[in-house]
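Before any questions on binding or motion, here is one chain by itself as structure tokens, the form predicted alone.
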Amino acid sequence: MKHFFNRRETIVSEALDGLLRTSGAGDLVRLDGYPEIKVILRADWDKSKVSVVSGGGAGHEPSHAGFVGKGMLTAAVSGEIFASPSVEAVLAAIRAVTGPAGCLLIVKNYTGDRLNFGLAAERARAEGFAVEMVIVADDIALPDINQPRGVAGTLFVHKIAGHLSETSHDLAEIAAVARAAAKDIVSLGMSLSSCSIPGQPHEDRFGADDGELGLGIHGEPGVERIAVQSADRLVAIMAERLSERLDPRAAYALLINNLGSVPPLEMSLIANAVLGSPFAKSVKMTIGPGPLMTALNMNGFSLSLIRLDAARQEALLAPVGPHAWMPAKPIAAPVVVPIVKAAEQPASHRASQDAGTRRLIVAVCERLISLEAALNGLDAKSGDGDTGSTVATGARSILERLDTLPLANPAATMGAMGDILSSSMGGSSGVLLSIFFTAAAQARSGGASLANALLSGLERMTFYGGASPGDRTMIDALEPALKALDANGLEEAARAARVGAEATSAMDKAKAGRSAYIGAKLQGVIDPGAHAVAEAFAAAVKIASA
């Protein structure tokens, strides 16, 4: 796996400094002590309140430093990637932020964290600080283990304890509430890959068609291998395991956590699957979906639930300073509103007949259909070989709907043709021609002459499409033809279209459209779109002189 880093030894300290540079002027600071001491703390901390300190190994960002701020953590202590911080680092954090009100340490249930935070707490007590420690063990993946892991559910405890500290509760009360909350949290994760650590070799133990249920946030194996299947089914498996630990009479808050590399599109789909399942009947509010406690680039997610009471609900809903925290929101079903329908067309836009207009449309469409193979051949030399088929499809669609067109009303006919081409022709050509005819119809309805209306359509088409004369597109034939039509009539327009089309064969490179991406030398090859325009004008001249 590839990673962005400078040196493995400085990844964490450089990342923490990046957080400080982007967190806002002076909101956060760090202790002087790199590389051994990596502590982020609030710059505005009032030591008359209980400090709330957490931390652990790096690699779980935005946890833990991303949650330092008003209403959450007072300080976060970081170790190296997936390694517990040292006793000295934890003790330095306690000393930096703790006053007479004391300090609460919130620790995930891993041996290194328990020991290092625990020894730091004992040494701080020996120095005269009042310190309590809460251990969070919310992972239910391994049902028979005596010491369940602490995972993303720990964030509930951060939020609740931080709120109580901010509202000036005392240490004994905050510690008691935090311990009770920790006992009422359950979490379960699932992933389709393990994570990779920058600077270390990576071997993914997962097969192409399997994932793991219940793997840890350091990439440690889960409780069981599970076949990749629909998101609904995977969520149902997790919901079933979690539901066994829930009180059916209680209401819960749900935290939907991205473990690192699940795209936002898929996280929203997962949230929809969770909240659309029977499992959701117990959920009153959600936090996420989003990356809250990650495992580097693990392609997985976790679900955490805490049983609610009035005090916990108030704490979870309270606003906080850290931007990384995603505010709790009540469950809301999708709201669907009626589609606004187009106003009913006036009588002048309904089907009507005009023999001359009908002959013109038929002649042009039949000529374009007859050119399908020739245009595809030209396009194969400069693009993806489908211009003829695309143009022929649009022409056939117009002929099929000819009896529905308001042929007696030229403006309405152009508008209807624009509608047909936008839905049937496909590709960018269909949209461009739809813009052309739609804008021309509006100009014609406003009193513009036919030639000026078509020029208005051309202006809108070039504005949206971005092509200009000389870019080797249909514009090279269409623009001179329409200008000649306005000045000198149809025959001069057809001649100008042909000259413009032929000129594209001297252009060695396209500057717009799909051909521009290829970069091939195209000299000697006429642009298929420009050729189609020239042929359409030739067909119009022929039928007009018949």
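Residue numbers here begin at 1 and follow the sequence given. Note that this is a predicted model, so its numbers are computed, not measured.
Not pictured, yet referred to below: the form predicted in complex with a further copy of the same chain.
Contact with a further copy of the same chain in the predicted complex, defined as any heavy atom within 4.5 Å, is confined among 306-314, 350-358, 187-195, 374-382 to 187-195.
In the predicted complex, a further copy of the same chain sits beyond 4.5 Å of every heavy atom of D386. At least one heavy atom of R125 is located within 4.5 Å of a further copy of the same chain in the predicted complex. In the predicted complex, at least one heavy atom of L432 sits within 4.5 Å of a further copy of the same chain. Although the partner is absent here, P289 lies within 4.5 Å of a further copy of the same chain in the predicted complex, judged by heavy atoms. Note on the partner interface in the predicted complex: the residue among S282, T438, S243, S397 having a heavy atom within 4.5 angstroms of a further copy of the same chain is T438.
Distance criterion of 4.5 Å from any heavy atom to a further copy of the same chain in the predicted complex singles out L275 from the list L275, A318, A101, A180. Annotation for 326-345: interface residues with a further copy of the same chain in the predicted complex are M326, P327, K329, P330, I331, A332, A333, P334, V335, V336, V337, P338, I339, V340, K341, A342 [heavy atom within 4.5 Å].
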